[in-house]
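There is one chain below, alone, in structure tokens, taken in the form predicted on its own.
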């Protein structure tokens, strides 16, 4: 491996300046993806910019109905923090499925999102919660919905010199229920073949609001807007559930790879959607299968 210069900025603007000065530099957060890429020579940066010196990036703050997560918050922290488990249970459940305990203690939320893997566990529940990301550079900062952040496998909307600094998540409104489901070849320490998040609010038996996000079945996490349209304003019954689940399976854009065929992924979207929607008859929160 060739020599790589190591830089450890103390503020975000300094990190941004390094990225602008050295276009081939790579950011180091938890390192769970970057170290493997370096070992396999998938990336050959001239500089490593370590974000661990920027202390406020690991802060978790909940006030005035807003959860603010620093980009360096670890996945294990997301799984364990009481306010996340209480008010955002699907985020906590999803975090608990990312890798093993050792990986979760290194991997960071910002790294999981900025890596932009289609199968990233944390993106679907955060999108369902209408999360926003704050991007900071030496030229200023901008905020945008997480749903708009991803542009393709391994690609995001970030400009050269920008750093993902914070994820902002509004508190769910009262009465909203959440379901997170995934399917993987192994029950633990495996990347999702499919993951599904459903947020739904009922008034009696009528669906008054719903958001559905699918992961690992398209180049980026996607909303299943057709399924949402089918559900909203209707009585939740067997026929409606079947129609919505089928619509979601047709909306996704899966590929065939070493984990599953495209057809299998479509079928699993339908299965997980049906399970999630049927579970609303039983109550409970953040049901996982």
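Numbering follows the first chain given and starts at 1. Quantities reported herein were computed from a predicted structural model and do not represent experimental measurements.
Only in words, not in the display: the form predicted together with a small molecule, which the text now covers.
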Query raised in the report: in the model of the complex, does residue 26 have a heavy atom within 4.5 Å of the small molecule?
Result: yes
Query - Contact test in the model of the complex: residue 215 vs the small molecule, heavy atoms, 4.5 Å - result: no
Query raised in the report: Taking heavy atoms and a 4.5 Å cut-off, does residue 106 contact the small molecule in the model of the complex?
Result: yes
Query - 4.5 Å heavy atom contact, residue 121 to the small molecule in the model of the complex - result: yes
Report summary line: Assert contact residue (the small molecule, in the model of the complex, non-hydrogen atom within 4.5 Å, options 133, 78, 126, 163) equals 163
Query raised in the report: So which of 146, 158, 193, 178 gets a non-hydrogen atom within 4.5 Å of the small molecule in the model of the complex?
Result: 158
Requested in this report: Go through 85 to 93, 137 to 145, 69 to 77, 204 to 212 and give me the stretch that gets within 4.5 Å of the small molecule in the model of the complex, heavy atoms only.
Outcome: 69 to 77
